[in-house]
Ligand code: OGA
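Below sits a lone chain in structure tokens, taken as the form predicted on its own.
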Amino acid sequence: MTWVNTLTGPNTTTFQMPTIQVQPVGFALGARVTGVDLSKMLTSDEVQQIKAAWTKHLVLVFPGQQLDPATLTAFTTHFGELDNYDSQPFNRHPEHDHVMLLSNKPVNGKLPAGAYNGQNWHTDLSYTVRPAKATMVYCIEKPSVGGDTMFANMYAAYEALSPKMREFLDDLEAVNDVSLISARRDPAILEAFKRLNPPVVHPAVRIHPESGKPALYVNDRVRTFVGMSDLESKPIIKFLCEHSVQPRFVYRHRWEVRDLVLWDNRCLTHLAVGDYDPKEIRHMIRTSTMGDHYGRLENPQAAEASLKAAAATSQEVAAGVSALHD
């Protein structure tokens, strides 16, 4: 859309203003968005254009942005309630509770807890009762090669299944287990994750509240299906995970410094590819918004213990307990 001054008169000049441009970068999903400065206050029209593109393309890439934790947080609020990362406080930015560090850049001589986050296929915070809606990651430093992020369209993965399989999955619930996050974790961090986040139940297929379309909601962090044994569940989970990340469903983003990438966790999965030299810096910051779906604890009796663990762990982190960062 181009804005043109429509006033008329002898002293009137006609002018045009820059507009948002959206260019697809992948067939399955993904688009590049230019013509907008996300560090500035956006108009309601700009926000609506971005949201419409997000609903359509699922992943939006905003190149060449100049952001810091404050401006990134401000932009994120257009997409809902900010997540303060109580589910993983050891990954927080040291000065901003609503910002997560995704970085292998040492802090006070130690490797940050989020150095190797996301190195299996997942949707953000599916191991919580209120998984993330929008996630935004801003690239500050990148390795010379590698360190990409891959995204898979779970609408398309669901639609490609047989009618009989879709019917089977439509009434199924899945247990999402934080212990299945990627293996490159310090044992103390993993134990803290498990205390804070007991297993939760979500539908195997979610209906997107805005598009109205069904999306597969099964990934590498699903342990079993409700009402089925682990032995019965595992081959189905394995099939669905392999099916959903076929190249035809995937967009691979090759990061550039100052890229801001926004994605919709309700209808895709993603993977941080660990194919880079760990001696090189991959430094990014992340925000996310609270989701519009509520799951339930697999074991409701664990709720009180989980809240107590969350409070205790948050206090430990605030005090700088080294065991969570070594």
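These numbers were taken from a predicted model, which means no experiment stands behind them. The first residue of the shown sequence is 1; numbering continues from there.
Not pictured, yet referred to below: the form predicted together with N-oxalylglycine.
Taken together, 102, 117 and 286 are fully in contact with N-oxalylglycine in the predicted complex: each brings a heavy atom within 4.5 Å. Proximity to N-oxalylglycine in the predicted complex, taken as heavy atoms within 4.5 Å, picks out 266 to 274 from the listed stretches 293 to 301, 27 to 35, 62 to 70, 266 to 274. The contact with N-oxalylglycine in the predicted complex, taken as any heavy atom within 4.5 Å, belongs to 149 out of 182, 87, 149, 233. Heavy atoms of residue 124 reach within 4.5 Å of N-oxalylglycine in the predicted complex, making it an interface residue.
Within 4.5 Å of some heavy atom of N-oxalylglycine in the predicted complex lies at least one heavy atom of residue 282.
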